[in-house]
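Let's start with one chain on its own, the form predicted on its own, as structure tokens.
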């Protein structure tokens, strides 16, 4: 890894200002923007700040184990990369470079339907599992075909976006004039609108129903994750329909403003799920203490999004690997300083 990446970027927050200097204004606004007044965007991080930790001392933490088991597979740590659209807007290799960096840092990488790279190219460069996120499109058969193809192409799990019947009020990217270039290839996304996203009009789009999720469940034996759950009743229904995991997510605060921060929504969902399936927390994770708090409140793993895309913009695959490594190291520090040597020892007693 180039020495300047390690010395320039000491925490996840360091990547954003560097990326902002490098990226075209409209592209930066597309990545950074939340919905509406961005109350939820701010709260996704601020909610973690309000939680205090309980420190325990004189425990043996000479050997720290960050490993977890998910879908029967051992993973060296609980940090994953969330799907982010159009990554070739920030780096020439786009998702391929991100997957390569994830592999170096031993993190699961999720390729979205709105990706600018093919999944087999990401699988080829990553030593870690690659998942596929299905973004439902108007052609039901095409959705089914994507899901059935993914196992053969190397995907280890299928995630499905369930929280976007219409794009949110993303006024920052509208003001910036963000437009998807016509030349930008998206091998899995046929429904895209390359024009400016309108503000103030509900643009209804193709969305699955619970019946569609049941149909998808019947098409694949890969683990199925529903991404965008914020209500315990929806979590219960996800279990009943055969989901193997859920992702507690408010879509990175990009759809509906004044939704709760994901860390605030997590405890009630975790209580309802009661360990029956894994829960992945997506939204606002920036520090090792955030990872610790999420696991303490019921998550099995966490996802990061914007930070690794900023790292991709500033340092390519090496930047992505460094971003994940920084968060993992910070998580290890948080574990040691709260007296937890293994992930299995992290529970609600770590919260003050």
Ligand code: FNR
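The shown structure was predicted, so the numbers you read here are calculated from the model rather than taken from an experiment. Numbering follows the first chain given and starts at 1.
Only in words, not in the display: the form predicted together with this ligand, which the text now covers.
Out of 319-327, 293-301, 306-314, 51-59, where are the residues with a heavy atom within 4.5 Å of this ligand in the predicted bound form?
In the other structure, the partner sits against 306-314.
Close approach of residue 249 to this ligand in the predicted bound form, 4.5 Å, heavy atom
Residue-level check for residue 249: yes, a contact with this ligand.
This ligand contact in the predicted bound form: residue 227, any heavy atom under 4.5 Å
Output for residue 227 is yes: heavy atoms within 4.5 Å of this ligand.
Might residue 31 be said to contact this ligand in the predicted bound form, defining contact as any heavy atom within 4.5 Å?
Yes, contact at 4.5 Å.
With a 4.5 Å heavy atom cut-off, would you call residue 287 a contact of this ligand in the predicted bound form?
The answer is no: residue 287 has no heavy atom within 4.5 Å of this ligand.
Tell me, out of 157, 265, 84, 235, which residue has a non-hydrogen atom within 4.5 angstroms of this ligand in the predicted bound form.
When this ligand is considered in the predicted bound form, the option within 4.5 Å is 84.
Which residues in 132-170 have a heavy atom within 4.5 Å of this ligand in the predicted bound form?
Result: 133, 135, 161.
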